[in-house]
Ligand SMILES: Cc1cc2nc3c(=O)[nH]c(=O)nc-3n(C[C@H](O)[C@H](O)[C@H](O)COP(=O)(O)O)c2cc1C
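Quick setup: one chain, the form predicted alone, written in structure tokens, and binding and motion questions come after.
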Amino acid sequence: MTDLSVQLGRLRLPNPVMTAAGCVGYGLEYAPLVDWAQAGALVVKTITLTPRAGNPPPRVAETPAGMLHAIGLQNEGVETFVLEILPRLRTLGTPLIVSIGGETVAEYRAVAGKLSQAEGITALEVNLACPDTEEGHAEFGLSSERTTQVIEAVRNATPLPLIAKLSPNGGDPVPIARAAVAAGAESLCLINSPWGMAVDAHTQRFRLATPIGGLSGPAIKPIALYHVWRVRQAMPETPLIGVGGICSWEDAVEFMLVGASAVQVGTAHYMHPQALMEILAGLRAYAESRQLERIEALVGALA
């Protein structure tokens, strides 16, 4: 039987298939349908320092082979998360990774510090796609300097394993990837959602209130594969997590072949709540049919 466990820096997971932040909420919403104890990890939606109501509707629009979303990081804030939601998550029996965000470096630091005092959190994932209100940038992750400042601040605030989730919107991903690792990230998650837009010809209006949103789903898979491969080529020792359009076990294998040690499943859950479970089962069957002793043998075979 193939050993499905994977190593991401200090973080060891029972298998390489986890959720993507935001797509299953806190995971509790799917608990009646999914046995999260089988997942490699549950990554909950981004938590901020104070509660956020999110963007006004409409904030989701279907597109060919995907969807645009502009949720606006709706969440209950870190205090409520720790006091009311985290105790319920601890009962699910799976490694718990919390995505964190902020509008300033200080907010990232504060959220990380508060979560580090709570029990039951396995690792933190830093969402670098948050708007940078201090510098006026669209995302922290579009600047090596701001990426460094955020990751250093979070690293100094927590002893937990640290994942940096990188944006595809800044061109070559390698400079940002190197900045994140140099600042203290132990692994990288690629990619966050590319920017996109949708327009209704009949109403002559934008389909999103924002009107810009993040594109997710199968449409972005080729972009995500390229980013994982590109960073693997430049930084072969850095553990990578692939995310973007993963809907089948074949998708998961492809990401691992180009360098991902683990994968995240997101938008597929909207079409099929048990997508992660089916991908994991298919990945296990594939590995055993190939008589692999360890699933990690796939990682970087094409990189």
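If you're wondering where the values come from, they're calculated on a predicted model, not measured in any experiment. Heads up: residue numbers just count along the shown sequence, starting at 1.
Beyond what is shown, the protein has a form predicted together with the named molecule; the following relates to that form.
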| property | result |
| --- | --- |
| Heavy atom of Y30 within 4.5 Å of the named molecule in the predicted bound form | no |
| Interface membership of G40, the named molecule in the predicted bound form, 4.5 Å heavy atom rule | no |
| I191: touches the named molecule in the predicted bound form, heavy atom cutoff 4.5 angstroms | yes |
| The named molecule contact at T94 in the predicted bound form, heavy atom, 4.5 Å | no |
| Interface stretch in the predicted bound form with the named molecule - options 272-280, 240-248, 48-56, 31-39, non-hydrogen atom within 4.5 Å | 240-248 |
| Full three-residue contact with the named molecule in the predicted bound form, heavy atom 4.5 Å, for P16, S261 and A297 | no |
| Contact residue in the predicted bound form, chosen from I71, M197, A209, A157 - any heavy atom within 4.5 Å of the named molecule | I71 |
| Partner contacts for 1-37, taking the named molecule in the predicted bound form and a 4.5 Å heavy atom cut-off | A20, A21, G22, C23 |
